[in-house]
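Presented below, as structure tokens, is a lone chain in the form predicted alone.
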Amino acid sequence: MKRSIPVISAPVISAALILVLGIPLAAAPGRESPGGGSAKNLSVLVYITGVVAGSPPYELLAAGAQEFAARHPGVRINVYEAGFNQAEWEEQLTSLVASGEYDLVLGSNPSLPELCVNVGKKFPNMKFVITDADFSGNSQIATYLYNQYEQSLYLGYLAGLITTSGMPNANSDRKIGFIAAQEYPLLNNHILPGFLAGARMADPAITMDFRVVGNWFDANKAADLAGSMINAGVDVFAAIAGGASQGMIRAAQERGAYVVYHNTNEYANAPGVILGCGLMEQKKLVMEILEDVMAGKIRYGSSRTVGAGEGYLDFIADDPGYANYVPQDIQQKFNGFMADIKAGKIPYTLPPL
């Protein structure tokens, strides 16, 4: 029988927990710690740096952990939403680990490993696995980095084909747009350069207008930014902005523009406006990670990069939102490009983070 997994929002940190923060945490009684090889019971804290709703990576992270727990009766999972105040994240995580309830912290955020280093110093038996991050050399932490340069490259190529097309809402300016919640190394060094590089594979004259919301939830501000960008000639958008992305989509619907979307299937949200959706196989990766944790196969201290060639990034081409709204000539060019990406035939250099 499938069990429901609670999602817990950030609580008030109790004084009792604060008192034990300096005491190293031993493995919970009656459980082997992660990496024990034969462990059949596992307690996992899925630590969401934000909220689940509106964030595809977090939705898939929670869903993968939930499905894994449903298949393994000895696995217990708590999904904890830390909220948007980043200044509170480390204190919250420390409090949760101090409770002694968990064998493993599982998260997905490029900035999370640094927090885990600090928490891990207090609790040397705790293990951390972080996706969408690149960090190595710490024996308590394993990370998995999605090749977001690559995903942005093929979504940018599709955006370039659209902005240079004769589609009804494509103008002559050859300008694409990108809206972000905030700037961080993965965005600045992989996602944005990849998106522009991909578009310029369709036409080297394409330019990009980039704007920042300042948070992950203000859809109204994202809509205002998108409207201003449309006024400046943008006709195709992408975003990494969590729930704020919905404002960009609304502006594209109302003003006549197009959207390509990272990480998840959003076609039904705006048919004829969202014309391409990348896919991050976060759920698949999370389930494989937890399987390896149970088997003692995780290589803590290491970082692994995964992309389309490894089967962890893809494009959703079998949805009517793509098949019925994107002109056939564009589909032909893009489908060929995507096949070459998977086969490793599109040359590019992955920039350093």
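Keep in mind it's a predicted model, so treat the numbers as computed, not measured. Don't overthink the numbering: it's just position in the shown sequence, from 1.
One more form of this protein exists, namely the form predicted in complex with riboflavin; it is left out here, but the text below deals with it.
- Message: Taking 4.5 angstroms as the heavy atom distance cut-off, pick the stretch from 226-234, 156-164, 72-80, 180-188 that is near riboflavin in the predicted bound form.
- Response: Result of the contact check: 180-188.
- Task: Give a yes or no for residue 108: in the predicted bound form, does one of its heavy atoms lie within 4.5 Å of a heavy atom belonging to riboflavin?
- Result: Result yes; residue 108 sits at the interface with riboflavin in the predicted bound form.
- Message: Please tell me whether any heavy atom belonging to residue 216 falls inside 4.5 Å of a heavy atom of riboflavin, as the geometry stands in the predicted bound form.
- Response: Judged by the heavy-atom cut-off of 4.5 Å, residue 216 is in contact with riboflavin in the predicted bound form.
- Message: So, residue 132 and riboflavin: in the predicted bound form, are they within 4.5 Å at any heavy atom pair?
- Response: Answer yes; at least one heavy atom of residue 132 falls within 4.5 Å of riboflavin in the predicted bound form.
- With the partner left out of view, is residue 143 within 4.5 angstroms of riboflavin in the predicted bound form by any non-hydrogen atom? No, residue 143 is distant from the partner.
- Give a yes or no on whether each residue among 56, 89 and 148 has a heavy atom within 4.5 Å of riboflavin in the predicted bound form. Affirmative, all three are within 4.5 Å.
- Query: Of the options 251, 274, 280, 93, which one has a non-hydrogen atom that comes within 4.5 Å of riboflavin in the predicted bound form?
  - Reply: Spelling it out, the residue with a heavy atom inside the cut-off is 280.
- Message: Going by heavy atom distances of 4.5 angstroms or less, which of 257, 260, 126, 240 would be at the interface with riboflavin in the predicted bound form?
- Response: By the 4.5 Å criterion, the partner-contacting residue is 240.
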